[in-house]
Every structure is written in structure tokens, then in C-alpha cells.
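A single chain, nothing else alongside it, follows as C-alpha cells in the form predicted on its own.
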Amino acid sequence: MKGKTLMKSLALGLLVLAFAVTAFAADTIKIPVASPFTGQLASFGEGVKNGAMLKAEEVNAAGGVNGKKVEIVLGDELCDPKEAANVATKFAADSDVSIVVGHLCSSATLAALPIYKDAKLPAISPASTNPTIGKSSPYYFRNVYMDDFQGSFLAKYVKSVKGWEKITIFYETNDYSIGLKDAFIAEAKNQGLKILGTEAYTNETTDFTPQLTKFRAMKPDALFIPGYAPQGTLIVAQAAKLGMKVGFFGADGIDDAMMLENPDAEGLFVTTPFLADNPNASDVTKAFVKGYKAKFGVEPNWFAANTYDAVGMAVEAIKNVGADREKIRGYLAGIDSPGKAYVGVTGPTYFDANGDVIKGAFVKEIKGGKWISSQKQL
């Protein structure tokens, strides 16, 4: 009898637990966020996580979405295409997931994209800038400019603001870096810039001396690094060690706090979608920066700001049309003009027919060991 009683008690306990789990799931809205939360680019993922969590916390404090709490589910994909595909497959198979915020790196997004497309699962990338993404799926959206714009912007800035004429390019062999390189070279021709040479590296490279030695002999005015900060800071340090007296510049992938730890990076400038110290920022943006600093002790970077807005758009979609994937896709596609824009901390966001946005770029530089807005903007 004791055995039967124990079995009944155990069965009842499991039933109660199952009911509690089901009830919790029914009372929450899952919004997965895919990004590198460990590995070389974990510092990027930190901003993504913080931005997502802060937005969800604010939404929940205000009553949630249609009476339900928002639950942020983190998917660590390391900015690696294989891991990104694994994370995307998991999210796509979860019937409780109606929209994804991610991915960060363009190569990761391009790997995840066909999986979301097949599952008819909409996604908003806060950071992937490769031009081919929007054209590849009607289910992918992004609230960041594209590399063809960013690369062209940099070429114009180098010419009109810096007055440099002779440029060398050191790029990583990934979709993001190659797209930036190609866009920069195309506009450089229009601007009359001379591209003296290009060299490539992988994300596993740590010794850049052979290529930098070639560049030194070319006597460029500046070195363009369209890659990510972990390699970027090594390149700058090793170039300085070789005695290269050149300007250094990059794009938003170099926009990371680790660059501030490198004394040789003084004067380096980058393009970025967001400036925490923008003197012309809206009240909404200023409140976000203040709240972020109060909670995390640092200024928000552009990954945090764009993710905060991406989660905000996901929330608005679910609030308006529910959790149906196809209806959410239709809702986002309908944000297609300035009058229908989602107004967030990064400004008004609306999408073209490919799910892409048109947003401006800012320039910031390292001065005195800090990122500050450049005095001259295009």
C-alpha cells in the first residue's frame, strides 16, 4: 500500500509540475535573442543582452503584452554560421516562438536565414549589415543600415573630412568584412582615392606582421580595417610596433570597448549607427542612455540600442496582431513609410520592400582613451 501511495503522490506531483510549467508558458511571451554571448565577440553580445533585457523589464513593469510577461530567451551562436544554424533550428521548431531578434554577424544571419524562411518565422536583426540579407527572405527585417551604404559613407568621409588619398585595406574573410571592403573600393574610385593594396586574414589570425610589412612599404595615408575589434586591436598595435605612421579607421565592427584599452588606437575612428553622447538626441534616446547607465554602469553601445528597439518592434507586433508568425511578418512589412515608422531610441525605423531600413551613420573616434562623437559629421 505504501508503494501505491508513493506512486500516486509522485504522479500527482508531476501533474502539478506539468500544469505549473504549462501555466507559466501560457502567461509569458517568448522572444528569443540570438547573438554571440561567449567567445571572441562576447563583448558585442553583452550589449545585445543588456538592451534586450532592459526593454523586456520595462515592458513587463508596464503590464506586459496583452496581459502576458515578456521572456527573453538567449541563443548563443558565437557569430559562427554552424552554431547559428543550430540555434535557428531550435527556435524555428518551438511553437511558442513567433519572432526572433537576431542574429548579429552577417555570416550568422545568412546561415540562419533559410531556416527561418522555411519555418515562416520572422526575424529582426539589430546588427547584420550585409546587403544580400534583405533580398534573400521576406521573413527577415533589420533596423541597421547596410554595408554598401556604410562603405560608401566611409570613402566620402575619408576624402572630404580627413583629406587622405592613399589607402590600404586589411579585411577579414567573412561576409561582413568583404561587403564593406567592396563597397568602400567602389566609392573610393568615385572619390579619386588610391587603393594601394588589400590583404586578408581569418578570425584565427594573431600575427599580422607579414601583411603589415607590405603595407608599410606602400606608404599609405591610412589603413582601413573593415573587421571586428578582437583582430582590429591587434592590427593597430602591431602596425604601431612596425613604426607605421598612418591613420586607422574601421566600421561598426570595430566599435567596441576593447579598442579603448589599446594606447595605439588613439585617433582611430569608426562609423556607427548610434551615438550615446549625441547632443541632438531625442528625449526618448536621452532617457534610454540614462536608464542604461544607471542599470549597467556603462554607456549603451549601438548593439544595445539597436537590440532595445528590435525587441520593442517585436513587442509592438505581438501586441497588435498576436503571436501568429505570418501576421507578425505582415505587420512588420506594413511599417513601410515615415508615417508608419516605429520611433525608438535609434530614431524612426521603417522598412522597404526587402525589409531593409535607410538610416544615417555617425562617426566617433578615440580621444583620451574614450569614444567621443567626431566634431565633423557628414
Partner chain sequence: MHQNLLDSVSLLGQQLVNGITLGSVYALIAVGYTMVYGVIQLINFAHGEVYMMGAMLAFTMVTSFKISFWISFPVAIVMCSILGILLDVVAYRPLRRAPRLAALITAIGMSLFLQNFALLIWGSQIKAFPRQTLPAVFFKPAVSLGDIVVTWLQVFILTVAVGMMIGLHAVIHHTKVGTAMRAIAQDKVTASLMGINVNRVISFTFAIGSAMGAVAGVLVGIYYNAIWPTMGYIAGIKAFAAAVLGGIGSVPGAMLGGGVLGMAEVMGAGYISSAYRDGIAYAVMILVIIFKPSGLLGKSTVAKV
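Computed from a predicted structure; not experimentally measured. Residue numbers count along the first chain shown, from 1.
Omitted here: the form predicted in complex with its partner chain. The next part is about that form.
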Is it the case in the predicted bound form that 71, 73 and 96 each bring at least one heavy atom within 4.5 Å of its partner chain? no
Find the only residue in 165, 199, 299, 182 having a heavy atom within 4.5 Å of its partner chain in the predicted bound form. 199
Picking from 211, 272, 152, 174, the single residue whose non-hydrogen atoms come within 4.5 angstroms of its partner chain in the predicted bound form is 211
Looking in the predicted bound form, any heavy atom of residue 245 within 4.5 Å of its partner chain? no
Against its partner chain in the predicted bound form, would residue 216 count as a contact residue? Criterion: heavy atoms within 4.5 Å. yes
With heavy atoms only and a cut-off of 4.5 Å, decide whether residue 39 touches its partner chain in the predicted bound form. yes
Evaluate residue 278 for contact with its partner chain in the predicted bound form, applying a 4.5 angstroms cut-off between non-hydrogen atoms, and reply yes or no. no
Among 31-39, 341-349, 48-56, 325-333, mark the stretch whose residues have heavy atoms within 4.5 Å of its partner chain in the predicted bound form. 31-39
Contacts from 234-250 to its partner chain in the predicted bound form (any heavy atom within 4.5 Å), listed N to C, are 234, 237, 238, 241, 242
